[in-house]
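Take a look at this single chain in structure tokens; it is the form predicted on its own.
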């Protein structure tokens, strides 16, 4: 059954965007598809224009300096304690001994360290971008690709650079070529640290012949399995090992070696495995870093990559079991345009299958939380509760539990519906005095709401109850 213009507009906002804000359904009702496409052509599409945010190199150096200062302060404190301690043969000082050191001053909570401060500043900018977006289609694309090429703030020194990674890799290439995003992701220090390639050394390299550390296959395996070809497709374990040899030497500048460029990407030829390598039936001569570039370029063009990316896009936006015709349509467009992500995205918007699928797909927690804020017209003064909601719902920002990222299927998120109810109730109590439930309902959900949902919201006993019922309604929860 064809939807009326307002319902079609609401579907566009829920399926492709981050949910309606006041006036947004009416604003795009005349041409929902055109509105989605127009967002792709906006000035600075996908970027965050915040001069206060640090580059990944600067953030890494600032965090390193902070950690060094902390380490030196702890060492100085231990030295002072040892100097103040009585010698082995001396009797302990009496309580009235004027020479006894004064009791230590109580330690005040210094607040979050520099890595966490940088992380929170990036998180605030990301959340604000989602709240400010007219539709949120571009933000959804950023979130999708950031999850596809995920890193984790819980690994090593990734926390201080994970936000910059998203800006420098994902936002910079979200409407560009897949091959460019692929190269940017795999050569970024955040990825090299997260998947252990920064310390991977070719067994026969200069460094490998002198050190006990050797080859690490983690990054090579995840590039093939998760980022390009897909699990159990055209590669073998031998391909993983050979590819791991190809990308040895992809690391970052040591902080102590170069205080100006420390933490930035570098290719270290002393760590690189010498010789030609054969990956998926094709031989690549030893050309230093170019050898790895050439393998990544071939992977980006491979039909298996096109199918894998197409299926993930369709699954994320449309259905857990995406229509085969839609996947084929997107894969063909990917191959025909040499991985032009803007053209693939346009094909997604144009595809009838993307609009005809039932709204059965559960939103991921982050989308749902942002959707509540957008619907209520609330910009939180403190992102702490927003971050805490992400944590409680199992989707902590930039902290997936595994390299495959957060699940895009509905089933893994169903167990969190009870927690969503708690969060919806808490949020509704906070904003009940500011947000009129009837107005929020009409602006954000009415065109898609069933008569049962409408009655439940409009007959609620209080404003907070009405808002909570709306936020937990199936029509609000699903894409």
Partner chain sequence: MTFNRHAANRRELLLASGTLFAWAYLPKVARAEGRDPRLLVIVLRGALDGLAAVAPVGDPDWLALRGDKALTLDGKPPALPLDSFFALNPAMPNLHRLYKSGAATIVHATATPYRERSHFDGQDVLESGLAKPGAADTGWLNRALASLQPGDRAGGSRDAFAIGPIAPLVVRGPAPVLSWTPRRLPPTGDDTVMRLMELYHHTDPVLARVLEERMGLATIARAGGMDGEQPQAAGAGQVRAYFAESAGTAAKFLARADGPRIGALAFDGWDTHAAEGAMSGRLAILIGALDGAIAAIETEMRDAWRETVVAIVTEFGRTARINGTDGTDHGTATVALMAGGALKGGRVVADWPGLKLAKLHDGRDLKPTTDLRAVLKGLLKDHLRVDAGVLATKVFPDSAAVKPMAGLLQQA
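Given the structure is predicted, the values throughout are model-derived calculations rather than measurements. Positions refer to the first chain, counted from 1.
There is another form of the same protein, the form predicted together with its partner chain; it is not shown, and what comes next is about it.
Q | Candidate stretches 265-273, 375-383, 166-174, 400-408, one within 4.5 Å of its partner chain in the model of the complex by heavy atom | A | Only one stretch qualifies here: 375-383.
Non-hydrogen atom within 4.5 angstroms of its partner chain in the model of the complex for each of 35, 450 and 466:
Per the other structure, all of 35, 450 and 466 touch its partner chain.
Contacting member of 426, 68, 55, 50, with respect to its partner chain in the model of the complex [4.5 Å, heavy atom]: By the 4.5 Å heavy-atom cutoff, the listed residue in contact is 426.
Query - Listed residue that, although its partner chain is not shown, lies within 4.5 Å of it in the model of the complex (heavy atoms), from 211, 81, 128, 278 - result: The option sitting close enough to the partner is 128.
Review point. How about residue 457: is it within 4.5 Å of its partner chain in the model of the complex, going by heavy atoms?
Key: The answer is yes: residue 457 has a heavy atom within 4.5 Å of its partner chain.
* Asked: in the model of the complex, does residue 478 have a heavy atom within 4.5 Å of its partner chain?
  -> Heavy-atom contact with its partner chain at 4.5 Å: present for residue 478.
Although the partner isn't part of this model, could you tell me whether residue 437 comes within 4.5 Å of its partner chain in the model of the complex, counting any heavy atom of the residue?
It does: once its partner chain is placed as it appears in the model of the complex, residue 437 has a heavy atom within 4.5 Å of it.
Taking 4.5 angstroms as the cut-off for heavy atoms, does residue 28 touch its partner chain in the model of the complex?
Yes, contact at 4.5 Å.
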